[in-house]
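This document starts with one chain, in the form predicted alone, laid out as structure tokens.
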């Protein structure tokens, strides 16, 4: 496990972008009004990543090292000071020291949610309201580390609502999801069709193959029903259906 529970007066968080309020577009919090803090940096390089501007080191110059007060000032300005859900994403937000930001959110009545691939465990996971663990399937080109995922679950303990979310492109991804879900049978499972036309990092509103994504959604529904995997929830990326590959929504 490991990690820090707070940010010192001189410590900063590396931020790629802060935006909202908008709706959460996927998973357990889909449709909920949200402000997003997207951190910079990731320990993975997924083949179909849709946020390379927050992952690849060539965009490091656009990431800003921000203090807790500066980040919170932007969150309050965007939300008008009215509490809502604060979503911590990336990249991999588990790289960053987010404990004090979570604490600040709770002090002001906000909920804190974080999504990570489950490769790095932090002790402050237990302070979250929602922890989304999204192990990357074979189509990502990344190697799955089951021990690291279990460490993340142990770090969270009974604190947050912890769920599994899988991006599905093909049969191999689907089989991967069923196998990982069996490792953690008590966790709710969310499945979503992958976007095979992710935006290039240089573009903020790239073309998208919406019909192809919907075809994958239809296949995924039929596949789950065929297996009688009735515990799984199948959801689209709502923000993709509404805005395509537009960034910052």
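Not measured: the values here are computed from a predicted model. Positions refer to the first chain, counted from 1.
There is another form of the same protein, the form predicted in complex with a small molecule; it is not shown, and what comes next is about it.
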Within 4.5 Å of the small molecule in the predicted bound form, heavy atom basis, the matching stretch of 219-227, 179-187, 62-70, 30-38 is 30-38
If you check in the predicted bound form, is residue 115 within 4.5 Å of the small molecule, heavy atoms only?
yes
Taking 4.5 angstroms as the cut-off for heavy atoms, does residue 20 touch the small molecule in the predicted bound form?
no
Is the gap between residue 16 and the small molecule in the predicted bound form 4.5 Å or less for some heavy atom pair?
no
Residue-level question: is residue 239 within 4.5 Å of the small molecule in the predicted bound form, judged on heavy atoms?
yes
Have a look at 139, 89, 126, 100 for me and say which one sits with a heavy atom within 4.5 Å of the small molecule in the predicted bound form.
89
